[in-house]
Every structure is written in C-alpha cells, then in structure tokens.
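Just one chain follows, in the form predicted on its own, and it is written as structure tokens.
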Amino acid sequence: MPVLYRYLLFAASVIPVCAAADLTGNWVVAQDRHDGTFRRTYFNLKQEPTGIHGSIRTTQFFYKISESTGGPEGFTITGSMMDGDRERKVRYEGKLAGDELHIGTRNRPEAPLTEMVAHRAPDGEGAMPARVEPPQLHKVADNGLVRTPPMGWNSWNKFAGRVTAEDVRGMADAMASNGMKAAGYVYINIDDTWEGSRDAQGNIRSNQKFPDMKALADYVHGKGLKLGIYSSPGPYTCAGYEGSYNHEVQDAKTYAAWGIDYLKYDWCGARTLYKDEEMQAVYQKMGDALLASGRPIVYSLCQYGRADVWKWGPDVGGNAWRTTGDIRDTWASMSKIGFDQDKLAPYAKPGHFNDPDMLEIGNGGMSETEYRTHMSLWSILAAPLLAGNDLRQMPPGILEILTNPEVIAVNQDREGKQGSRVSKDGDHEIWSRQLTGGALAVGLFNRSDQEAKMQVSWKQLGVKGNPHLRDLWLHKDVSASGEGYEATVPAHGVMLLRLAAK
C-alpha cells in the first residue's frame, strides 16, 4: 500500500469529521418589551430522519409540531394544539445560520416573513410546568359584593399592552372629576401586561410600567375609587406574562396587601394544562383564595362563555362571567354579541351577572347612535358597565352617553334581573327588563341600515291599561294612545322607554 494512502487512512481515523448542521436543541427568541420583561418564544426541536419533531411555546399557547419540511438550510414547522373543540395551528419558517436560528412567520401566505433570531437555551427552559390536579368541587361562599352590575373602566380596549401607572392615575383623575364617579362608575381596572417576575419566595411583582402597585392603589382610593387587576389561572397570561398557576393563595394575599378591589381572571394559559370540563374546579381555587385573602375583591371570570359558565359561576365565587369572545369596536361585533344574550337571562341575579364584555363607547369605531344602542342594550342585559375609552379626552356626546342617569338606573336596578327579547321581526327587535316596583324598561332596537317605524303593544309586554311612558334618551315623558306605542327609530338606533303604572 502506498505510504501516502496509508497516511490518509490513519489521519481519517484520528481527526474528527465536522458534524453536519443540526436543528436539535432548545431555542429561544427573547423580545424586549421595554418594561423589564421579555416575551419569550421557545422552539424545542429534534431533527430526525423522519422530520423535525418537538414543541413550540409562544405566549399562552403550547403547540406540538405536527408537520415539517426541510432541514437546517431551510425548513418549515407547523404546530397544533386543541383549544376546547377548536384546533389552533401556527406555522414557522426558518434556517440555521451558525449558532443562530433565524425563524419567523407570516400573517398571510403572500406577506413578508417576520423574522426573529433564536439562540440556544438550557434544556427544559420554557417547558410547561407539571400539571397540578384540580381540587374536588365545593361551593365557594358568596362574597356579598356588587349587588348591582359593577361600573368602572378597563384598560384593554383602548390601551392593550401599552397601559402604564401614569395612564391609570389619569383615568382616576378624569373619572373623579368629569361626572362618571357621580354617575356610579367606581372601578379602575388594569388589564394584562402589568406583571413582572416572581421573587425568590414566589411573590408576584409588577413590572417597570407599574413600579409601585400599593402606591397606585392608594392614589386611586384617594379619589374615592377602587383599583382592579388582571391574572390567569394558567402559567402565562394572554400576552405571555406571569400567570397565577400554582400561586393562587399567594397572589390573592399580594393583591389584598396592595389594596386591590377587583380581579379579572382570564383562562388563557390554563387551556394548555386543563380541559374545559375542569374549568369550574380551576376557577374555584382562586375563588377560595380571594375569600381567604382578608379583603373584599370582586371576582370576574373571563373564559369567553365556555363550559356553560353561567350555570356554575356563582358556585366558584364569581360576581360576573364572560359569556362571549372579545368585543371589537364595530357595529357587527357589538350587535352580534349583545343580541345573542337572550337565553342567559335566567342566570343573572344580584351579585352574579352575565358579562358580554366591556364597553367600546367612545373608541371611534361606531357612531353616537350606535353607542347609544350599545349602552341601552348593556343596561337592559344587567351587564357590567366598564368603559374602555380614554376618559381624559372624550367629546361631550360620549360623556353624555356614558353618564345618562336614567339609562344607568335601568342597568343598576336593585332586583338585578336581566332583560330578554320580546319579539323579533327581521332586523327589528323589542327587548324588555323588569324593574323594581313593577316598572318595565323597553327597548325598540332597529338593527337595519334604514330608519324604520317600530311599534310595541301593551299586550306583547303583558301591560294592562295605558302606562306612564318616559323616553330615557330624550329625558322626557311621552304619550301613547290605543293599545301600544309607535316610534321612528334611526338605523342602528334605539328607543329606550321606562313604563310604569299611572
């Protein structure tokens, strides 16, 4: 054998060959939120001859990779998860570039790739925590709060993740001075994205946007108002911040120490660990924790109307429970949500209310006519009235809608009975709500795009004789003759009446 050939064989046996590029590993994209926290997306990948396997965790979602193509030089992965009876999917494209994983997604197939850079993370980082079995069911005692629907403000509709402590102080200032407090609005509620990390003892801390939550609560209380906060029974919130999973008692005590008066508790990350049929037990844990915290805290369940929450909401200590997905500031969204609430009327009572989501009044996506319909319908539904606009700057017409005392009186009627549909004729609907003392609130709703004449008969309403009538938007008594009342109602508008015996 030639000497050179023997040498090459020897060299091959002792000099390691460079390994082929491999996607296998735990990769993390850390996006700075500029509030002292990072939004982390984890790609736990295993490259095998049969494809790329593993999982993806982004915000509150945890996906198993169900499809893949390609390899290190260019690949796609599709993650799937079940969300109740709905399958969610997410698709990423990427390639390996040295020690970096360049990976991204597209909003639409034809859209440009939104690329991120991932780096290797320690094995196990970002994994979902072990499942804690839900407790046995029992009935949580009524906390005695909000015998009429809660009224206040919530940050999400206008500010989403941009809300700061300064915004909250500004809303408290505005609510205390512009007539809203006098009209009954009292809660200033911070939605998602206030959360920081936990300290060494596991106590939740607020992030840089909210440097001192106790001081903020004191400020709001100093205005004669109350402060609300947000969390999730899952490890992560909707926006991927720290949830209350396995820290329910600890978090409730922290909220009480800060001076919190209201908790919105959003299912979000819990769906990665629990099924809908376990929802009641999971919400019960926080209901117990709030009751034991030593402070009266309104408990608002936010789980989008899943698992027939109206049937068990009071049993977990809930004061209100969402009956629908998120509202948007459009006529289509508001009207669909509001007019779909009819069958839930039997489940509302003092201290326990159906919640078709927060008000969009004043956010600009609807006309004042449509916002009056929004306010009227939510009042007939005995729904929480949580404004979602910027209270520091709103036109007089919007303030008038939000503070109309006669419409608010319908919403705040102490019997707490939710109204229901009396009749439906195409896009024309009549709704009514029983009020204290035998009075009746009646709404003539024109959902069509054209002005319309509408009428309601006393027989339809179960009213005997000719009642006293008051128009709650015009603030004046009106008269009717014969067997009912007729009015011209604008497109997407409402005629809201109060009927009482003469």
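The numbering used is simple: start at 1 and walk along the sequence shown. Small disclaimer: the values here were computed from a predicted structure and weren't measured.
Unshown form predicted together with alpha-D-galactopyranose (GLA); subsequent notes refer to it.
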Hey, of 320 to 328, 134 to 142, 306 to 314, 217 to 225, which bit sits against alpha-D-galactopyranose (GLA) in the predicted complex at 4.5 Å between non-hydrogen atoms? 320 to 328
alpha-D-galactopyranose (GLA) isn't shown here, but in the predicted complex which of Tyr299, Trp431, Tyr283, Tyr230 has a heavy atom within 4.5 Å of it? Tyr230
So which of Met279, Val146, Cys238, Ile398 reaches within 4.5 angstroms of alpha-D-galactopyranose (GLA) in the predicted complex, heavy atom to heavy atom? Cys238
Are any of the heavy atoms in Asp266 no more than 4.5 Å from a heavy atom of alpha-D-galactopyranose (GLA) in the predicted complex? yes
Contact flag, Tyr187 vs alpha-D-galactopyranose (GLA) in the predicted complex, heavy atom cut 4.5 Å: no
Indicate whether Asp192 is a 4.5 Å heavy atom neighbour of alpha-D-galactopyranose (GLA) in the predicted complex. yes
Looking at the partner-bound form in the predicted complex, is Met358 within 4.5 Å of alpha-D-galactopyranose (GLA) by any heavy atom? yes
Along 150 to 164, which positions have a non-hydrogen atom within 4.5 Å of alpha-D-galactopyranose (GLA) in the predicted complex? Trp156
